[in-house]
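The chain below stands alone and is given in structure tokens; this is the form predicted on its own.
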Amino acid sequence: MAERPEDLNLPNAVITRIIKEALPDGVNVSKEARRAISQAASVFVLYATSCANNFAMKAKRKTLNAGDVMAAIEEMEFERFLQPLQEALEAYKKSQKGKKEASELKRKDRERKADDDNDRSREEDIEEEQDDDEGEAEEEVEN
């Protein structure tokens, strides 16, 4: 756990960006209002985490999962956010799956390239050995 209450606050840059994206252009937000929103957001995250943890504990798990968070949001009476949250979670899963597949393709390409390089090296070694054998045979014939 954090030692000081201010350690629990979200970064100001993140809060400022969220506020700017949520408001129309030309709307200004005072420093005091940004601080209040930041503290409220931190309290919300802590409360949602605590509620989600309760669901995980009831299920005798130590790891929170998305279902725990969804149940916590519902318990906190924020049902109207469940659908957007579910959609965001699905989009995240798809992006992660795409990243995993792309990573797997890159890994296979690297392995294939390494195998090709090894095959070429083996072929070159064999050719060098054959050239050496031919050179030795020619020397014996000359002697």
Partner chain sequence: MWVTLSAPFGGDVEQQQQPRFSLYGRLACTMAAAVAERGSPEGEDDGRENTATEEPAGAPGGAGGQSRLARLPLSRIKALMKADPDVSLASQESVFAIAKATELFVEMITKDALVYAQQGKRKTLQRKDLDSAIEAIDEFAFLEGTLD
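Keep in mind that this is a model prediction, so the values were computed, not measured. Positions refer to the first chain, counted from 1. Heads up, when I say rigid core I mean the largest set of C-alphas that superpose within 1.5 Å between the two forms.
Not pictured, yet referred to below: the form predicted in complex with its partner chain.
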Would Gln96 sit within 4.5 Å of its partner chain in the predicted bound form, counting heavy atoms only? yes
Does Arg17 reach its partner chain in the predicted bound form, with heavy atoms at most 4.5 Å apart? yes
According to a 4.5 angstroms non-hydrogen atom cut-off, is Asp109 in contact with its partner chain in the predicted bound form? no
Proximity of Asp117 to its partner chain in the predicted bound form, heavy atoms at 4.5 Å: no
With its partner chain taken in the predicted bound form, which residues across 35 to 72 come within 4.5 angstroms through any non-hydrogen atom? Arg35, Ala36, Ile37, Gln39, Ala40, Ala41, Ser42, Val43, Phe44, Val45, Leu46, Tyr47, Ala48, Thr49, Ser50, Asn53, Asn54, Lys62, Thr63, Leu64, Asn65, Ala66, Val69
Given a core-based superposition, decide whether the C-alpha of Gly98 shifts by 2 Å or more between the shown form and the other one. yes
